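Next comes just one chain, in C-alpha cells: the form predicted on its own.
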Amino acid sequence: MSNTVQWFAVRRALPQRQATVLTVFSFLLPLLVWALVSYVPFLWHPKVEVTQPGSVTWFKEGMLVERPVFAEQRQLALESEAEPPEGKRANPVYLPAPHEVAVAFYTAFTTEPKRKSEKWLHESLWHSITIIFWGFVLSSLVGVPLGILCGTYALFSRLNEPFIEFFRYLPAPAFGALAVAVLGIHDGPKIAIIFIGTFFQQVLIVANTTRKLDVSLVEAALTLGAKRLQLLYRVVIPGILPDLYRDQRILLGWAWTYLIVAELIGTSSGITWFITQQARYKNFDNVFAAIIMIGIIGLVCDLLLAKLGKRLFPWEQHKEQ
C-alpha cells in the first residue's frame, strides 16, 4: 500500500530511484513500439520486398511493392506455370528500422556530400544553431525588459499587451515573404521568423511571471522610498529571476520548433536543407537521424541549462523539497 501511495502521491516529488526508472521508460516505450513495428512482420509491414523477381519482368530485386500486387503477380505466375517471384514482408521506405537509423547517425557525419555546394552534416547543424542563437537572443533582448515593464507598470501593460495579444495569433511563417523582401534571401529572414515566433509569447509570459512576485515586497520597497529604477533592479528583477530563467528555458524550446519553417524561407540552409535533400533521394534513415539529432541537441541544451540553474539559484531546490 505504501508503494502505491509513493507512486501516486499528489504534488510530491518521487524518490530518486523511481524518478530515474520512469525517465528511462519514457524513452524506452516509444523505442519499443518502433522496434515492434519494424521487426515483427505480422504487426504491420504493408509492403513486400522482392528477393527474387521470378518471371515478373517489371519486378527488381530489392523493390518494394504492395502486398496485394505481389500476391496477384505471384498467383498469375503460378497459374501460367512460370517461376513465381519471392519476397519478404517489409515496411515502406519512409519507415526505416531503428538499427538503420543508428547506422545513419554515424554515416551522416562521415559521408562526404555528393555535391560541392552541399555541406557536411556537422556544418549544417552548426548553421542551424547559429540561427536559433541569434533569433532567440535578439528576441530576449527586447522581449524580457518589455515583459518586466508590462508586469510591473499598468501603463506599459495597457500600451503593449492588447496589441501583442492580437499579434501572437498571427503565424510567424506568414511573414516569410515580407522578411525576404526586407532582409534578403540569406540568414536575415530566418532569424526574423525565430524572433517573431518567440518575441510576442515571451513578452506575455515574462509579464505574467512578473505579476506573480509577492506584492508585499514591492509595497515594502516603496514604503522605504525606492525609486522606479531601484524598484526594478533591486526588488522586481531579483525576485523573479529563478522563474524568469525557467521561462527562458521553455521559450528556447519554442524557438527550436520554428527552425524547420524558418530555414525554408529564402535559400534553404542548415539542418533543414540536409533533411530536404535526403528525403528527395529517399534516404529516410538519414532524415530520421537528423530529426532525432535536433531533439538530442535541444534536450542536452535544456539539461545543461537546468544544471546551471541549480548552481545559480540553489535556494530554489530547498523550496521544491
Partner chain sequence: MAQIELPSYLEQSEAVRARFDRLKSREVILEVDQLGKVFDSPQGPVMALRDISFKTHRREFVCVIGPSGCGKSTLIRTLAGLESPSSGRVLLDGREVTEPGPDRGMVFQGYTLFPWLTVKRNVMFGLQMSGHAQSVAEGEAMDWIELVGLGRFAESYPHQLSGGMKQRVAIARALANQPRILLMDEPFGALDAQTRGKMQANLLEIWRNIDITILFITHDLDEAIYLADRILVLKANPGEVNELIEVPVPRPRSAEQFIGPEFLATKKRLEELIHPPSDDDDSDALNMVRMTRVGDSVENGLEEIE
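This one's a predicted model, so the numbers in the text were calculated from it and none came from an experiment. Numbering follows the first chain given and starts at 1.
What follows is about the form predicted together with the partner chain, which we do not show.
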| query | finding |
| --- | --- |
| Heavy atom of each of 145, 154 and 208 within 4.5 Å of the partner chain in the predicted bound form | no |
| Option from 172 to 180, 119 to 127, 86 to 94, 222 to 230 whose residues, in the predicted bound form, bring a heavy atom within 4.5 Å of the partner chain | 222 to 230 |
| 4.5 Å heavy atom contact, residue 234 to the partner chain in the predicted bound form | yes |
| Residue 238: touches the partner chain in the predicted bound form, heavy atom cutoff 4.5 angstroms | yes |
| The partner chain contact at residue 216 in the predicted bound form, heavy atom, 4.5 Å | yes |
| Interface membership of residue 8, the partner chain in the predicted bound form, 4.5 Å heavy atom rule | no |
| Partner contacts in the predicted bound form for 118 to 148 (non-hydrogen atom within 4.5 angstroms of the partner chain) | none |
